[in-house]
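Listed next as structure tokens is one chain, alone, in the form predicted on its own.
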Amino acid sequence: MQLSKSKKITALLATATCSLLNANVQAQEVKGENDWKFETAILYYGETDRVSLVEGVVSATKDFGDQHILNTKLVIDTLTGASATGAVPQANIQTFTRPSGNGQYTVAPGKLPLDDTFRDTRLQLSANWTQPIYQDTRMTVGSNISREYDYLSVGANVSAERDFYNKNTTALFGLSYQFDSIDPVGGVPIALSNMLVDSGQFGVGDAGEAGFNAAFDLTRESDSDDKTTIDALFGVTQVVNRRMLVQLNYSYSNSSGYLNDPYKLLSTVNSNGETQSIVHENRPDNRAKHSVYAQTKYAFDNAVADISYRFATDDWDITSHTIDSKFRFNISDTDYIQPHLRYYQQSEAEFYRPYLNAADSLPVYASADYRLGEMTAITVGLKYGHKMNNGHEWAVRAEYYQQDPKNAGFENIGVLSSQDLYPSVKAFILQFSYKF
């Protein structure tokens, strides 16, 4: 499962970045040197006719005094539903072999091929320790481990931040290292090898179970593979005046190793757009990403505006722009509402193809994963929060998300002109959080 892995700076570095803006607030909220502070949340994310996710998070923070702070976090995800394979819809019924090689499923005419075996559970544990190392200088070290059915990820991070000019300026430098082991169901497919179907639809023939299993094994290069990711982050936060705070970050990320999604496919079609074979995708084994992030927070008398912009680019030729805005308005001393609007736009990867032409030679790299294609996405939501008399706080957040893939100039040949190759992905998000 790589639904959320293609994104980004690692979660630990993102957390370190956010800590620049929240450090003073967190210090004030800690009830005492011997008290724990807990933050819990449960989130539901549901796509229309596709993936659904339920996530629970428990974060515990303890201040031991003198800025010696321990933070631990537990995250549990469960995912079910259907995931787009990358194959194109056709005017006839299509048959696909399940990733394990055991069993098949069919896709109705005119329907986007979805793998309905998509389900997983993820357990993630992380811990971070922060302490002063010099005057106005703090260091944070941490580690994390995440386990899914077919994925294991372990990592470590270290960052240092220093205050200048009466603590009105804070500089941050952070590094993280992540090692991921991928153990896909059915093994790691050979890049651009044909997906076998025992019905003979794509030339395999009725070979019987033993013959099919032997042929299936020939399309696998190993049982597992791995990748490593190194991230670096440089950031500066500046207090402009008593109402305004600004932040500017630069981040670099380099991933190497197995970067394919073992469950993604491509259709090879003839001049009339009819599928002749299905092949497994292949991506480069290295990816370098750069991003620049700017954020400002402004406090009005009874509200706080939070606006950010991120520009990202990589050597896969994907360029993206993200504008995120929140406006927290205090209804009373105990209640607030916070509208949220986010807009995202990205270009396609240089090797993205909605399909392959059977008359052409196979390219070195190719993927039909819509997450690597041109797209826009928008998130609109509203959060309501309430602080109770005992100091505890709860909040509920509801959002609507829509992702619209675009045609990046590819011709829809033959029968494909009547098919929807770029359907929108729509999702509803609901979250409840509680702090005590």
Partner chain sequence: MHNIKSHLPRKIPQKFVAVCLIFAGLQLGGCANLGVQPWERDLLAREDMALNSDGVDIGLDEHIYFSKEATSGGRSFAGGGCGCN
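Residue numbers count along the first chain shown, from 1. Not measured: the values here are computed from a predicted model.
One more form of this protein should be noted, the form predicted together with its partner chain, which is absent from this view; the next part is about it.
In short, of 302 to 310, 215 to 223, 272 to 280, 86 to 94 it is 302 to 310 that has heavy atoms within 4.5 Å of its partner chain in the predicted bound form.
The putative spot formed by Val107, Ser126 and Arg147 is not touched by its partner chain in the predicted bound form; no residue has a non-hydrogen atom within 4.5 angstroms of it. Using a 4.5 angstroms limit between non-hydrogen atoms, Phe64 is distant from its partner chain in the predicted bound form. Though the partner is left out of this view, Lys289 does reach within 4.5 Å of its partner chain in the predicted bound form, counting heavy atoms only. In the predicted bound form, Gln178 approaches its partner chain with a heavy atom inside 4.5 Å. In the predicted bound form, its partner chain sits within 4.5 Å of a heavy atom of Asp77. Taking Thr130, Asn194, Thr268, Asn249 one by one, only a single residue has any non-hydrogen atom within 4.5 Å of its partner chain in the predicted bound form, and it is Asn249. Using a 4.5 Å cut-off on any heavy atom, the residues of 219 to 237 that reach its partner chain in the predicted bound form are, in sequence order, Lys227, Thr229, Asp231, Leu233, Val236, Thr237.
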